[in-house]
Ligand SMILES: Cc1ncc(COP(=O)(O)O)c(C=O)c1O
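The chain below stands alone and is given as structure tokens, in the form predicted on its own.
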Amino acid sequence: MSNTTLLKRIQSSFIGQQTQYPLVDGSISPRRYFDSAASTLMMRPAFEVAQNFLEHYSSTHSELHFSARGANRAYDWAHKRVLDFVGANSDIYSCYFAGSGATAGFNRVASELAILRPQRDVVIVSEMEHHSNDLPHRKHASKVIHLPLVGEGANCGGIDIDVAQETIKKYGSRINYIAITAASNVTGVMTPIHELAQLAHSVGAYIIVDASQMIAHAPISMQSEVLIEADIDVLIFSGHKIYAPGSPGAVIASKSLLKQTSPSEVGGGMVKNVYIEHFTPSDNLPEREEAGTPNIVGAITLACALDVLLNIGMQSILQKEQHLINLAWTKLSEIEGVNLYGPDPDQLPRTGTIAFNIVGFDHGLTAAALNDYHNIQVRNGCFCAHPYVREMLKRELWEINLDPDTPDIEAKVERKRGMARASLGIYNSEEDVLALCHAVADLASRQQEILLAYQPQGKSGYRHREFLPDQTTLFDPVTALEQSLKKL
């Protein structure tokens, strides 16, 4: 099967694409899912392989019965697929799974590197990092420097390599590592990770890359084919952002680095010997980094999704997505009363994420109305990237004219401090993007009607005053369990 054919078939193979919900006008329609930057839908072939594995389920760490033997093989295969996907030579790199997303990996790496090189007390991050690639470093490092971004206000985004170089030169041998996102989760702006790796290595620092927002959208490689001394030391991503909800986070790190650190998590499976007085960690990677019973099902699901994407080719996926994001940017730019955030796609390369606001609407109202009137699902808020969002919104926030004695002033400010975000997955089509743009234009043209139809809820929520859909149309675990039990 050609990669083009496979891409077309996979696009319609995601669980939940056709899930229907009611709308304000009384109709029912399938949702259009634009929340992939938060978490993607599940790829059906990956899900079905995991279901098949459950027929043979057993834990790992044994070879003496058939099921355990199969579990070991599957879990080993999952590690290898991750390494293949990010172009990591298995002689140089190891992969281990951690927690339920990238956050666990960042916390572990930040803690271990702080212990490894306490004399290097500086960590450099950027102002557009997700909290998971910012707060762990603040907790464990003595000093965290935030690199400023290119542009100001709504156009802010992207790393200034010259400023990065100056900062790295200034702190020099004090720098333990640079932790940088490969792509922003707010605007999708991409980062030249290998150029930064080269700069980091020039002063003996490591580079840690947050690939969570890049991994499903564009090719990414641990090893540079162009620059010298520009390979990535550690790369971390969340499996739930690459079509495998429920899968663990993945950490790919150089073996030479891992062997210098002590495992931050201990327990069964990661030790060579345990005595009353002491214990000896295993020398084997990745076993020594994966204490406890692993999330085998999640790892298999993730590996299957990666395998499919490898067969399609990430360059093909990137080309498709850039066409769609350029289309969305162009169409939304044409709508009066819509503000877009981040650099124009012609200025800096972006993944399929676009943040916007409708003038006169709070971000929560935009998200609620897109859902209720058009069955378009987007996210709203600051997306766990508060400093970056505040920078892009600073002019708009300054213009808020509220008396300090205004009742519920904190909630009213919070409802202004954010954006709506539409983020693409491989399943989104040109038809979806045009539907999104049409829906935004529709809401912008009916501003007073929409404003009167909603009641604010809490700090950022909104509820339609009259549209109260039957709760049976939404997922309920109790109901789902009762239905399942009836089938027994």
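All values reported here derive from a predicted model rather than from experimental measurement. Numbers for residues come from their place in the sequence shown, where the first is 1.
The same protein also exists as the form predicted in complex with the ligand; that form is not shown, yet it is the one meant from here on.
For the residues 301, 126, 353, 212, the 4.5 Å heavy atom test against the ligand in the model of the complex is passed only by 212.
Interface residue among 137, 120, 130, 288, judged by heavy atoms within 4.5 Å of the ligand in the model of the complex: 130. The closest heavy atom approach of residue 240 to the ligand in the model of the complex falls within 4.5 Å.
Although the partner is absent here, residue 102 lies within 4.5 Å of the ligand in the model of the complex, judged by heavy atoms. Among residues of the shown chain, residue 176 is not one whose heavy atoms approach the ligand to within 4.5 Å in the model of the complex.
Within 4.5 Å of any heavy atom of the ligand in the model of the complex lies no heavy atom of residue 388. Only one segment in the set 338 to 346, 232 to 240, 319 to 327, 362 to 370 has any non-hydrogen atom within 4.5 angstroms of the ligand in the model of the complex, and it is 232 to 240.
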